[in-house]
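One chain is shown next in structure tokens, namely the form predicted on its own.
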């Protein structure tokens, strides 16, 4: 049987779009309001903002609702919106030393200045589905309210700022100070970037990279394909002030991670030292920040023997929007190219007979 092209047209496409609207907004159950998404799916909103490259929680919630919860599609919508708005200017660099901390831990040191702040996290419990809470949501809400009230009464006020743990190692000469940033930084959203690129550009790529893609490559390094198996010097989640020319504009939530890697001996240094990888992303996304920091340190290697050490491989294959777009374009018509492949294949088979 010969190959037959699928026929369709504008009417079919318009009908398909109407069906999508019906699937998104035509359900019989009560619609989920945007404020509910912001409150109850906060981590999904943070992930969409990070991968979309735009800090606007409400817009990310809209995108998640329109995308039926598909974080890839939602991030695509946010990135597309971001590209359509004018650039008003550049804010001052944020100072994470001024962070209003919600969570702060170190896996390298037990006792740290200011103490460890665990915050809300599933890290230390068993990962079971809490059917008991879902079966009686009203009681669960009462329990949550009481827990917050008890913590507020018994809790110790959190300081406005905390010292950096890695600064202690730097003061002792055990950790190499990061290279000073150039006066003019590369903006990867406005300029064509060549590989190899500067560290600031690499961190920008990673900051809006897809969480799963970053994790996969970071995990390859942890397992030995990159030889970076670090300790977390400090992981912070909190709100930082954003300023423009010294004037405060507001606060945004970020996750920051600094990992400490194995000892090395520099060419111009006699004493061995630790090195550091850095990660920072919008919202609370600890998995992404840790993966970023590992890959940042991995790509600082002088050799390039594994995928995680290769800047081009890492940076060009962890952008979820680019990868998604290229993957999904295969669903669009490829009739002409496939017909050419068919004709070529049939021609070769005829020649063999």
Partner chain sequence: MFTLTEEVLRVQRCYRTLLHVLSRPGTLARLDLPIERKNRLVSVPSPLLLACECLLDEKVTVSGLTERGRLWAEEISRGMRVKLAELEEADFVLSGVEASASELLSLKRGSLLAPEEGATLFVYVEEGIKGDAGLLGFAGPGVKGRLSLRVSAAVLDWASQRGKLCFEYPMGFEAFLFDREGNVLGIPRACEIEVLKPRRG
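Numbering follows the first chain given and starts at 1. Remember, predicted model here, so these are calculated numbers, not experimental data.
Below: the form predicted in complex with its partner chain, not depicted.
Undergrad: Does its partner chain get within 4.5 angstroms of any non-hydrogen atom of residue 313 in the predicted bound form?
TA: The answer is no: residue 313 has no heavy atom within 4.5 Å of its partner chain.
Undergrad: Could you tell me if residue 176 has a non-hydrogen atom within 4.5 Å of its partner chain in the predicted bound form?
TA: Residue 176 lies outside the contact set for its partner chain.
Undergrad: Is residue 134 close enough to its partner chain in the predicted bound form to count, meaning some heavy atom within 4.5 Å?
TA: Result no; residue 134 lies far from its partner chain in the predicted bound form.
Undergrad: Residue-level question: is residue 85 within 4.5 Å of its partner chain in the predicted bound form, judged on heavy atoms?
TA: Taking the distances in the predicted bound form, the answer for residue 85 is yes, it comes within 4.5 Å of its partner chain.
Undergrad: Have a look at 184, 126, 190, 129 for me and say which one sits with a heavy atom within 4.5 Å of its partner chain in the predicted bound form.
TA: Selected residue: 190.
Undergrad: Name the single residue among 122, 157, 246, 89 that comes within 4.5 Å of its partner chain in the predicted bound form, judging by heavy atoms.
TA: Contact check passes for 89.
Undergrad: Counting only heavy atoms and a 4.5 Å cutoff, which of 24-32, 51-59, 293-301, 38-46 contacts its partner chain in the predicted bound form?
TA: Selected stretch: 51-59.
Undergrad: Does anything in 318-333 come within 4.5 Å of its partner chain in the predicted bound form by heavy atoms, and if so which residues, in order?
TA: Nothing in the stretch sits within 4.5 Å of the partner.
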